[in-house]
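Only one chain is given next, in structure tokens, and it is the form predicted on its own.
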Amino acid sequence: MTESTTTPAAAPGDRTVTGAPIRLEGVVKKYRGTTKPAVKKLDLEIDAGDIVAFVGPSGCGKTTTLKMINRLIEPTEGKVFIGDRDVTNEDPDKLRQSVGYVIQSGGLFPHWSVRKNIGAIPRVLGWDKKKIADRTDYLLDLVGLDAAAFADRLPKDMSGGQQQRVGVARALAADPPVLLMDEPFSAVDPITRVRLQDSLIAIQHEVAKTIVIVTHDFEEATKLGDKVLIFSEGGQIEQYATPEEILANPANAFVEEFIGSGATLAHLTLSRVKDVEHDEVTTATVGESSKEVAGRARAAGHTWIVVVDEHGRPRAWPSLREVESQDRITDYIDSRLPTVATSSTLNDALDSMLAASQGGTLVTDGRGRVVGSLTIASVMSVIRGQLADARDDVASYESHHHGDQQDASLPAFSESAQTAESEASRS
């Protein structure tokens, strides 16, 4: 494996950047038999430790550009740099061993165990068995899977979301400076997708790689991306900026039309659960005295508790009446337990509560540990204010464009809000 020449740099707080910058110089891709290039002359710089989301209409060249970085697609012209390395003429197999790559559904080898899948590249690189085993256990914990329960499973014995987590772990196995992700979460259900997005944010906070992700979903791009790059046909860059900049100041008519009705509600993706005050909870572990736990909860003014595992991850949230019906805290697991991460958006929190028909949700940190709870009332108070701002934006937009496309999105969201409030009143 060719070593990255980028030295890890200290970032704000205790975060150390282990990613490398990416630079594309005059990159072109022309396919045989076509008159127009899939990607015209493209110049692009991606900072080390950033997540950059590529979005744009179908056929705009975003996936082609992603795959030219690790030369799954060979550039027709131009150069690609990772750190100070010009990787354009490197052995492509060695290049791909030094770049993590994640696709839809994980792309796991179906007849290999999770352990063997994650260790694939380290084995090729000649790592010893103990180093591979230690790395595998660390990565499974990092992506929120218990090594004892999952390391020896086959992909067919796991859910789609679990497979995708293993796919991310495998991509990080050899500690690459760059991680490329091609529509990684598009094949899972919406709730699982939110949890995978939150996991990626938590993982990135810890490992600080340089991540490039292709998505067709502008809301996902604004949630995940430190920067968002909007392509038009031929790999033309229409805007490359932070989500806040794009939403506040679209560069041109193409960007305005592309983000369309989502622009007003995409502002909700910029408000996170961590920005809303959440309530404290009383936690307990399996086997504790129900009487003692109930006493702690009542002293704190709580009417329910959260049962957690040895890692602090939630299992159930029974009422005190349910707790006191048994001598000890039971090992019951509530499969419909609503949870959101601190990195989740307010939209995510609302969806979580609606899906579980609950008036609240538990809040977890990057490793899935309970840190509090959030009520639908607190989320709704923030959303009402943002909806009012969004309607002002729509009115301003319509006065200049005489269109009604954006307004169509607002009643639908208001209906969701009304549904949420109705659910809350029944909880």
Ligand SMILES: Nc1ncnc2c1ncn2[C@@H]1O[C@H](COP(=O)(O)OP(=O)(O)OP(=O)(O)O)[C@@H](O)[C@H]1O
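Quick caveat: nothing in here was measured; it's all calculated off a predicted structure. Numbers for residues come from their place in the sequence shown, where the first is 1.
Here the subject shifts to the form predicted in complex with this ligand, a form of this protein not shown in this document.
Distance criterion of 4.5 Å from any heavy atom to this ligand in the predicted bound form singles out 64 from the list 70, 361, 364, 64. Contact annotation: of the candidates 38, 52, 44, 380, the single residue with a non-hydrogen atom within 4.5 angstroms of this ligand in the predicted bound form is 38. Heavy atoms of residue 216 reach within 4.5 Å of this ligand in the predicted bound form, making it an interface residue. Residue 183 belongs to the set of residues with a heavy atom inside 4.5 Å of this ligand in the predicted bound form.
In the predicted bound form, this ligand lies farther than 4.5 Å from every heavy atom of residue 385. In the predicted bound form, this ligand stays beyond 4.5 Å of every heavy atom belonging to residue 26. Of the residues in 39-57, only 57 comes within 4.5 Å of this ligand in the predicted bound form through at least one heavy atom.
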